[in-house]
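Presented below, as structure tokens, is a lone chain in the form predicted on its own.
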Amino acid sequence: MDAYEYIKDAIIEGKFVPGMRLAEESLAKKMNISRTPIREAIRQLEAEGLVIPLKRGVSVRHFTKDDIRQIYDLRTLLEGYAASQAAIHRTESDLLKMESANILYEEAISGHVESNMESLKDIVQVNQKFHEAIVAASKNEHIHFHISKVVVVPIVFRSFYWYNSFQLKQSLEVHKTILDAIKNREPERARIAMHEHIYQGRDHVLKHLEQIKNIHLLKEEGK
């Protein structure tokens, strides 16, 4: 695993907690590599909004309730629009990609073991494939750029972390509703379903935000 993937995974999984300072030297020692790839990885993570600069080094970004609400509000507007446009412009090839991603999503949910990080990462990755297929089907090359700026992977990951099997299946059913609306060329229905889907994720993160903070505090105390 390269430096970027290592640090990003550690942030996503909560091994590097919000507010934690990341120093190039200690990371280089931990990974047994030079500081150059660490520096490049940190630069990329800073561009993605996962770390923020300090006077010396960087720290893992902390997200407040307001941050989460604002991020999800923007996601809802952008992805809702993408879904409505996909219902208008999608091709048969686009539909196949969405259906394929949704099959993988269903398989990942079926094989999920609660609190297992690897199976959770699989769910997040195939969920992202489904959403990306919708954006591609919208035929608007600018949407992907803007969505990539507001889809903050650690927040998405935390949303899924607290889902039980029933809630995961509910998420799958909403995917199917979005897909049906796009297939049947119903832009407004696709937009509304996508709005509901993203707001469910937002509410789940906000509901468990205090538990997430407590986990981070316990990790800090255990050092």
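One rule holds for the numbers: they count along the sequence shown, beginning at 1. Predicted model only: the values in this text are computed from it and were never measured.
Separately, the form predicted together with a further copy of the same chain exists; it is not shown, and the next lines address it.
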If we test each of N140, Q128, S100, S119 for a heavy atom within 4.5 Å of a further copy of the same chain in the model of the complex, the one that passes is N140
By the heavy atom within 4.5 Å rule, which residue out of S59, Q70, Q170, T177 makes contact with a further copy of the same chain in the model of the complex? Q70
Can you work out whether a further copy of the same chain is within 4.5 angstroms of a heavy atom in all three of E40, L77 and Y81 in the model of the complex? yes
Is the gap between H146 and a further copy of the same chain in the model of the complex 4.5 Å or less for some heavy atom pair? yes
Consider V124 of the chain shown here, and say whether it contacts a further copy of the same chain in the model of the complex, taking contact as heavy atoms within 4.5 Å. no
May I ask you to state whether V150 is within 4.5 Å of a further copy of the same chain in the model of the complex, using heavy atom distances? yes
So in the model of the complex, does any heavy atom of L54 sit within 4.5 Å of a further copy of the same chain? no
Counting any heavy atom within 4.5 Å as contact, can you tell me which stretch out of 159 to 167, 26 to 34, 60 to 68, 177 to 185 lines a further copy of the same chain in the model of the complex? 60 to 68
